[in-house]
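One chain is shown next in structure tokens, namely the form predicted alone.
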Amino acid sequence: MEVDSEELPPKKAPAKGKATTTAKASAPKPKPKPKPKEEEVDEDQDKSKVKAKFKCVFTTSWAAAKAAKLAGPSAPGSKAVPQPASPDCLAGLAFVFTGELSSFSRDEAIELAKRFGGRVVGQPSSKTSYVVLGDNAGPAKLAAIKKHNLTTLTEDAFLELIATRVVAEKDLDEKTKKKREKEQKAIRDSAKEMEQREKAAAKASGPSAASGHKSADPTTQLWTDRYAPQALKEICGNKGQVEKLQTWLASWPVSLKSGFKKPGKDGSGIFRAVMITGPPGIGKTTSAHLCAKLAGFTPIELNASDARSKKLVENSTNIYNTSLDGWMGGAETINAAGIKITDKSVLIMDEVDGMSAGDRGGVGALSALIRKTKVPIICIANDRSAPKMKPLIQNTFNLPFRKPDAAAIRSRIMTIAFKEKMKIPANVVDELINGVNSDIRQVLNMLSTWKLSSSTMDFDEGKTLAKMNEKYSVMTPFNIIQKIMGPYLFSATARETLNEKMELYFHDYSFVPLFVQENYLKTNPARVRGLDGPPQLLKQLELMDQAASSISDGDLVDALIHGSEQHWTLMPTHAVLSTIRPASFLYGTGSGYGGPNAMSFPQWLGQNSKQNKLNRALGDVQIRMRLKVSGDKAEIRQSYIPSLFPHIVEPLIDVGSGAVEDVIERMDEYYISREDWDAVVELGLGDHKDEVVLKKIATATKTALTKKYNASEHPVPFHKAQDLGKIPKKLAGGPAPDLEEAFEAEDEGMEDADDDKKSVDPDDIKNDKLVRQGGGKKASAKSTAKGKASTSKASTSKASTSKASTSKAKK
């Protein structure tokens, strides 16, 4: 190619020599002055050559980078995992993974390290053994590698380490040996203590002479009850929160005596109750019971299986909480559960966030009880932010419990497995713990079920068991957007399927698309990596256009879903168009991944609420002003409000309080109220924006406007009947009244007609039909015909004549 031939080094020297020779030949010898001009020509030619070369190299490098990007990973999924030299060949090593590997995804590489006994940490430190380095590693981790002088491995070197490293007991250093021996000794001692405790319980479970019944054998209990912690040292994690709970219970008598006015070191002394919150299965209830017993209190628990309505809460605990009236029988001081009630009782309300319709009013009654209680109350919930928890938040001391990590639970699970004579490696235990999100009860249930068929478990079996009992946790929208827009979900080595990516959308399908729309432009797209200059900008703009078009298509689908036809079957389509496809274009580093832009909350929600508010305010202004002007909301907004601004707002800025009367007079002319004046100011734009205008109006002027407007009378907008096109009924003898007066006059006319009818004397015998009067046949016939005509209003004169002739013939 011509481009390659120009870049060859041998051709540079001849070109330069040729130019020098030409300059020497053309320069006359006796005149040395023209020489600088020829040198300038030579320099211009060199500059043009450099520019051409730079352009050529830039084009070639951009094309090469684009080709490398389109090629993807060098060996996607093609490298096989080697046969390990020993089952725990990576034991004692700590790994950090950074960048994109050529064959394995990040999760697969981490799983390999854990499978063979290695430990994976997030950030490099002086204790890190190796850093497995891939392409496009983060700058922060590279700086940490250089700072601590760490050893780096490529993907191939990492696989080679698995295939060749053999861990022998003699090869371990003294520090690692002592650590292993200490862990094994702790497991054996804990298992021995459990056995002694069970033997004592079995001895106590014999036939009782007093009761004659046999207690439950501990060996027949569920593992969750059998191996429940009996001491604070057996609780996994949250040591600091447990210590705070102990301090609060120990200082209860002093706080009660002082009237809960001394906060103490941690501020808990002013609260009569504590709120323990956290995910299930991490030891909240167990910690509450143990702390209460160690402090000398008798725990009395009400959990989700009890009815906790307002009536029961008020009746079961009196106002001073010295007894439980609902559970007491006679004069005995024990409740139905056999727990002795003393002056040092503590009420444990478990799962207070689970009070449903059957427990109506229970939260409010419990909050009222907390404000007056004389005994400590411990409330336990999973979600403190639930709306129903608002009455309790202000009256309780917050103690949030967090999920303990695998290292905090591993020792306890290994002790139980050792006692049950199960051979389970530590990495398998970690896999089970991570699979159920650190739910200790779930891990014990899984092991107790597995023990029925086998006493050993390898890594693959543990992974399968954890997958079968996988416990999904609800992610927050911020965590979801960081995962969707992050650099790993759509990378070349990612293993997530389309359905797994769509599951992120269904965590919160109303919020996730808004988060994507708000933050999709804040990443550094991975697809433009390797490009530079204008090609990078053009590629990024192209990706932005594709993402924006996909979001627009998602809005069209959303209109079909939430429209009148309710096409909810289009939810998967909306997930792809509004979330998955835009993220696939612009995924890359962002907040939480080393980028400069932070993922923010959707501003559309606030703007939409403000738009609805201003739309309602504009509708009120238009309704009032239509008695004076004609125009729809858009015309009022675009034409009339800007025209009114110099008359009802600017005088207050220029003149001040002296213009209040003129402003109110102009407002009354257009039926604008004081609230409508605020709406007019808020609808301003540019120089008339409310933030700018309100700063220019003095506070005294606004106060004077409000007082003067409230103290005076103003016209009330209404319509007359003739304005609505209805012609009122005209009455003789005066002008046409309003519609209401017309109805009143009509009613008066009807009343007068009724009075005329009632004015006939009922004692007059002439009006009596049964009284017959003399005066001849002709007169009687006429009177009879006249009487019949009066009784029949609808009869005609012809009918009356025929009836008269008929009666005359009968006579």
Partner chain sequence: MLWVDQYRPKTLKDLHYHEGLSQRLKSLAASGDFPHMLFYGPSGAGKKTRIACTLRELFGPGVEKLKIDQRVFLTPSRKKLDVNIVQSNYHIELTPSEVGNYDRVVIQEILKEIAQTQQVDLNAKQRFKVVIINEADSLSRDAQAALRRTMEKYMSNMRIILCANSTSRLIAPIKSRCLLIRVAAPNHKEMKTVLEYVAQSARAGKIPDEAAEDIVRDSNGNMRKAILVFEALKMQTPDLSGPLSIAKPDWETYCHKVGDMILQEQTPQRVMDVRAKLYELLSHCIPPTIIIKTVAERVVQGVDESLKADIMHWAAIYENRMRIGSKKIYHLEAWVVKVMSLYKHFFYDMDMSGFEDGF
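This structure is a prediction, so every number in the text was calculated from the model and none was measured. Each form is matched to the other, and the largest set of C-alpha atoms that superpose within 1.5 Å is called the rigid core. Positions refer to the first chain, counted from 1.
Although it is not shown, the form predicted together with its partner chain is what the next lines describe.
Student: Taking its partner chain as it sits in the model of the complex, is Glu675 in contact with it (heavy atom to heavy atom, 4.5 Å or less)?
Tutor: No, Glu675 stays farther than 4.5 Å from its partner chain in the model of the complex.
Student: With the partner left out here, check for me: in the model of the complex, does some heavy atom of Ser411 sit within 4.5 Å of its partner chain?
Tutor: No.
Student: When the contact criterion is heavy atoms within 4.5 Å, does Thr152 count as touching its partner chain in the model of the complex?
Tutor: No - in the model of the complex, heavy atoms of Thr152 and its partner chain never come within 4.5 Å of each other.
Student: I'd like to check something about Glu470: if you look in the model of the complex, is any of its heavy atoms closer than or equal to 4.5 Å to a heavy atom of its partner chain?
Tutor: No, Glu470 is distant from the partner.
Student: Which one, Ala94, Ile162, Leu644, Leu232, lies within 4.5 Å of its partner chain in the model of the complex by heavy atoms?
Tutor: It is Leu644.
Student: Select from the listed residues Asp383, Glu181, Glu661, Glu635 the one whose heavy atoms reach within 4.5 Å of its partner chain in the model of the complex.
Tutor: Of the candidates Asp383, Glu181, Glu661, Glu635, Glu635 is the one lying within 4.5 Å of its partner chain in the model of the complex.
Student: Where, among 279-287, 259-267, 698-706, 620-628, do residues come within 4.5 Å of its partner chain in the model of the complex by heavy atom distance?
Tutor: Of the options given, it is 620-628.
Student: What residues of 598-618, in sequence order, lie within 4.5 Å of its partner chain in the model of the complex by heavy atom?
Tutor: Gln603, Trp604, Gln607, Lys610, Gln611, Leu614, Asn615, Leu618 sit within 4.5 Å of the partner.
Student: Is Asp620 displaced by at least 2 Å at its C-alpha between the shown form and the other one when the rigid core is overlaid?
Tutor: The answer is yes; the displacement is at least 2 Å.
Student: After the core is overlaid between the shown form and the other one, has the C-alpha of Pro642 moved by 2 angstroms or more?
Tutor: Yes: Pro642 shifts by at least 2 Å between the shown form and the other one.
Student: Compare the position of the CA of Val693 between the shown form and the other one after a rigid core fit and state whether the shift reaches 2 Å.
Tutor: Val693: C-alpha displaced by 2 Å or more between the shown form and the other one.
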